[in-house]
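One chain comes next, on its own, written as structure tokens: the form predicted alone.
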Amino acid sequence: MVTTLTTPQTNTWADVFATAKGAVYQSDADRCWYVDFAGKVAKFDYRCLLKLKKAVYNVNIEAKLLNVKDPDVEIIFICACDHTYILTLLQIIALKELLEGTFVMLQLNSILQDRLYRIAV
């Protein structure tokens, strides 16, 4: 199911993946993705979206939970991107779930396009 949102600038955003904690939208007009998470909507190109995924996946949640002296907050800073997240461990888990679903949907869309193009040709 694809839902679309129209922003005040009349750009159409297609829903890529959503959870109860956030959503990721794709804008073909802007050639970017919008991540709606932790109270803000951030614009990412594909390279920065991959960097965000890598930064979130590099957080060792199990080690942080076992270390009592380690703070319950993580700063996610993506080099060459304009966005920084200051997240609790529960928010990191929710963002990780959101990004996992997003990349699965993007990969699924790519596979479907490839299969449909092969059948049509």
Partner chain sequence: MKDLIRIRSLISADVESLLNQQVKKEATSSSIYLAMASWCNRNGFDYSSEYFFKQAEEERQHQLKFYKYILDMGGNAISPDVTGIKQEYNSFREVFEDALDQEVSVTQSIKNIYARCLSEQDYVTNEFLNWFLKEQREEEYKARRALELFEVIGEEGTGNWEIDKHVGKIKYDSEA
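As the structure is a computational prediction, the values presented were derived from the model and not from experiment. Positions refer to the first chain, counted from 1.
What comes next is about the form predicted in complex with the partner chain, which is not displayed.
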> Counting only heavy atoms and a 4.5 Å cut-off, does the partner chain in the model of the complex sit next to every one of K21, L52 and T88?
Replying inline: no
>> Within 4.5 Å, heavy atoms only: does W33 come near the partner chain in the model of the complex?
In response: yes
> Does D72 reach the partner chain in the model of the complex if we count a contact as any heavy atom within 4.5 Å?
Replying inline: no
>> K40 versus the partner chain, in the model of the complex: is there a non-hydrogen atom within 4.5 Å?
In response: no
> Is N60 close enough to touch the partner chain in the model of the complex, meaning at least one heavy atom pair within 4.5 Å?
Replying inline: no
> Since the chain is shown here on its own, which stretch among 23-31, 64-72, 77-85, 90-98 would lie within 4.5 Å of the partner chain in the model of the complex, judged by heavy atoms?
Replying inline: 23-31
